[in-house]
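Just one chain is shown here, as structure tokens, and it is the form predicted on its own.
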């Protein structure tokens, strides 16, 4: 029978034990299309319409999902569904209720089944999960997501500082997201050089994907930064800043990808904090350890910024980095990198950067290890 199990807050496609007659039916259906394969291997539990069979017709307690529910079905890329269907639930830290199905269908047939499952979501406004590309250390993603990210930066040169930022992102509707950023850290005060803790300028943002297709996503966003920080320790500015920007995510050949972000930061007190334009881009590629192992995504990020006043010099930085999935479910990730100033190096130093990212829609932080 076909099984779809809930594990925590994450629903996962799983294919249960096949009876001997069904094995024979699958063998005869190898040349058939995705709908025929779905009807043979999945419909008895998931229903021909994808809404799930009645509980009195299945032999397990896990609730069945509704494939027509786009907020769930659109989020994950095809590869994640296929890996679990092929190798079983434990390959991604889920229940053994889902056994491996790789001996019943080959990769092409599993993809055709996925193509059919995708038709159950009838709302094209939802961006595909393939567009949820690996997150750079600095640049904003275009994809709306449910994530919590803790970033830490450590200055390698004087003046020393440890800068942290906690980001909470909440998706709503097909294409929108709100986020809250809370920076804080430790640094010496300019007045007495004594180290201390400080809060930075809290930011509130909104992002909306205005266009997307199978390989690209374009979003418009605005962030408002409030003057809540400790200016004496370098953790804030004495002005409200409004930062509209555009973000692009692009899938490239051979598991490569590109991020682009560009915008302007306007200050309500330009005599105190100058207006600034910025450009950020990152290019990378994802590798896996074996067919089902960790995902490694090396990236090179290029950051540019300039104050919008006559004679200002452009700041250019390079940020080589590596993101890696930490757990079996691959919804907790680590990224390590170094930010090197390329211009104006007499005023700016090297910084070590790292983040821990938790994609909380996929389950609890301690799930799936």
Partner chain sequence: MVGSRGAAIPVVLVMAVLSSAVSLRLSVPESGAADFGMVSGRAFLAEGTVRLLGTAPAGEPIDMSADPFCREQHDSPVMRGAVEVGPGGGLSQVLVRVRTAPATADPNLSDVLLDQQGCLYSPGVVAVRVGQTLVIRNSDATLHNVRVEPKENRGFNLGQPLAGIESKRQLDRPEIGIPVRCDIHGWMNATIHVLDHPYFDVTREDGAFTLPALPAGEYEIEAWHHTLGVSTQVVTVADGSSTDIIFEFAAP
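Positions refer to the first chain, counted from 1. Note that the structure is predicted; figures quoted are calculated from it, not measured.
One more form of this protein should be noted, the form predicted in complex with its partner chain, which is absent from this view; the next part is about it.
> Work out which of 93, 188, 229, 99 lies within 4.5 Å of its partner chain in the predicted bound form, going by heavy atoms.
Selected option: 99.
> Please tell me which of 306, 45, 324, 70 lies within 4.5 Å of its partner chain in the predicted bound form, judged by heavy atoms.
Contact with its partner chain in the predicted bound form is made by 45 alone.
> How about residue 123: is it within 4.5 Å of its partner chain in the predicted bound form, going by heavy atoms?
Although its partner chain is absent here, residue 123 would stay clear of it in the predicted bound form, with no heavy atoms inside 4.5 Å.
> Do residue 60 and its partner chain share at least one heavy atom pair within 4.5 Å in the predicted bound form?
Heavy-atom contact with its partner chain at 4.5 Å: present for residue 60.
> Find out whether any non-hydrogen atom of residue 50 is located within 4.5 angstroms of its partner chain in the predicted bound form, and reply yes or no.
Although its partner chain is absent here, residue 50 would stay clear of it in the predicted bound form, with no heavy atoms inside 4.5 Å.
> Heavy atoms within 4.5 Å of its partner chain in the predicted bound form: does residue 104 have any?
Flag for residue 104 set to yes.
> Which is the contacting stretch out of 104 to 112, 241 to 249, 167 to 175, 196 to 204, given heavy atoms within 4.5 Å of its partner chain in the predicted bound form?
Of the stretches listed, the one contacting the partner is 104 to 112.
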